[in-house]
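Starting off, we have a lone chain in the form predicted alone, written out as structure tokens.
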């Protein structure tokens, strides 16, 4: 029997399992597929909300808390796993919205400075990670810390009695525990009766093969971004599609993302696209992240609804949920 069962093996689930294990808990993590192969893998890995003034205080607080520890965390994961998450503090060039009244108020409140460029505003503090490498490193690290990982296992429902959760019914049988933490991303509402429903918001992305195009920083414009990777590849995203759990990728969108990229970096017009994929962000109807104790069951905890900011908020979200459990 585990002290804690974490449902969902994305960056939120694995980071939560890591913090719980560090605090001394015996942790089992369950994922319906393989850990790190859904939204966390599919995103861009920018360690900041794209337009932070669009989000609530909790999102901003968790973002700043995570930004403060991310470089050291990636170093720890690299040492533990042998895999470099490729943290790079390249900065971000924002080409729109930075001069709006809302943006200026946010920057004054949080004391965030930028350098004015001809094309926009440069935020030098913004970093990024290579999502798949971060997730690979995190998986090895939590195994090293004693977390038991159960993959390709569907959690069907919670086992409850009165105001307590006793464990979970799964496709591989029942598992009992003292606490359950739901980190199932876009699938969270299938297990929880939430007033703020979580639903999938699909995004499509492309990555260019290595070429002669050199980009030293992230570019953000009209809600889309261009991200340089250490190996010279360049990632471009992302769409926003409320289409349920439809994984299909669209050739028109692929071409549209390509056009967005070469309009900002003309040399990309003739660079070959290596891959085109989609992922499901966990969106909430109130557009707010949920990091809290469940209202109905005293030992059920929820860490979901991070939308576009799962990678970005994961360390601080994991820390908060661990604190709630250990109160």
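The structure presented is a predicted model; accordingly, all values stated were derived computationally and were not measured. Positions refer to the first chain, counted from 1.
Note that the form predicted in complex with a small molecule isn't included here; everything after this is about it.
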Could you tell me if all three of 19, 200 and 284 have a heavy atom no more than 4.5 Å from the small molecule in the predicted complex? no
Within a 4.5 Å heavy atom cut-off, is residue 318 in contact with the small molecule in the predicted complex? no
Evaluate residue 85 for contact with the small molecule in the predicted complex, applying a 4.5 angstroms cut-off between non-hydrogen atoms, and reply yes or no. no
In the predicted complex, residue 5 touching the small molecule (heavy atom, 4.5 Å): no
Does residue 291 reach the small molecule in the predicted complex if we count a contact as any heavy atom within 4.5 Å? no
Answer among 254-262, 24-32, 267-275, 294-302 for heavy atoms within 4.5 Å of the small molecule in the predicted complex: the stretch 24-32
